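Just one chain is shown here, as structure tokens, and it is the form predicted on its own.
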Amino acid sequence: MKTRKKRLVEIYVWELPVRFFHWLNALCILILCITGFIIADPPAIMTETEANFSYWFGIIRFIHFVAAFIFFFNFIFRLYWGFAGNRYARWNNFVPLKKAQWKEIWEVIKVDVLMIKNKPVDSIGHNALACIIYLGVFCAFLLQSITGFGLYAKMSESIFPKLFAWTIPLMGGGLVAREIHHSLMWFFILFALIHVYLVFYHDYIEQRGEASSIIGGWKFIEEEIAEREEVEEKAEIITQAARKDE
């Protein structure tokens, strides 16, 4: 039996809205990838008649479009929560403007990429490298939504997709937009595989409940790291209050 030599405390890191966004987003991406594959390369059993609700291919397209709307508005909600959420969900984590963030990025690279170090990085939420990668993923979410709704605008009678119709000429036409949309699908598939691997890898080396935290929200953090985090949070609150008084 292995016993922990470190004293750990529970910290509520991922709030319910963040966890809700994560799992709904994962489900949407799964559905969009499966239906996207079928739409891009329909199997031979597809009927040659115009697709509508009388045919299975029309249902596939309908599922794809519904998942796309949910994906987009779920993403918009996450943008909002980046301002309304706790300190681990806020946008200032995702933009590396501080020297300490760049130092942490290098430390994580030594652990995750170069594997020349196995000491966990002292981060409670996302580490700095994960944050900058997630920033790129969020940009990919936006581009995927723009290209998807832009392509849908030609065949849709709804007002919302038509708001994105101007983006297709800007990208050089429907063919280019379709290639971007399809390539981003593969980007999300690759990202998901790496993401799942790193979650379980960090769960193993850090032993902080990385995998279970996105279900329950809690992480098990070393007491000294948690105390340091609490001091930093109080200092941040005081600084913000001082700025408001100026």
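All values reported here derive from a predicted model rather than from experimental measurement. The numbering used is simple: start at 1 and walk along the sequence shown.
Form predicted in complex with ligand HEM: not shown, discussed below.
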Q: Could you tell me which stretch in 147-155, 126-134, 110-118, 88-96 has residues with non-hydrogen atoms within 4.5 Å of ligand HEM in the predicted complex?
A: 147-155
Q. Is I221 one of the residues lying within 4.5 Å of ligand HEM in the predicted complex, judged by heavy atom distances?
A. no
Q) For G36, is any heavy atom within 4.5 Å of ligand HEM in the predicted complex, or not? A) yes
Q) Is I214 close enough to touch ligand HEM in the predicted complex, meaning at least one heavy atom pair within 4.5 Å? A) no
Q. Should L193 be counted as a contact of ligand HEM in the predicted complex, where contact means heavy atoms within 4.5 Å?
A. no
(Q) Given a 4.5 Å distance limit between heavy atoms, list every residue of 164-196 close to ligand HEM in the predicted complex, or none if there are none. (A) R178, H181, H182, M185, F188
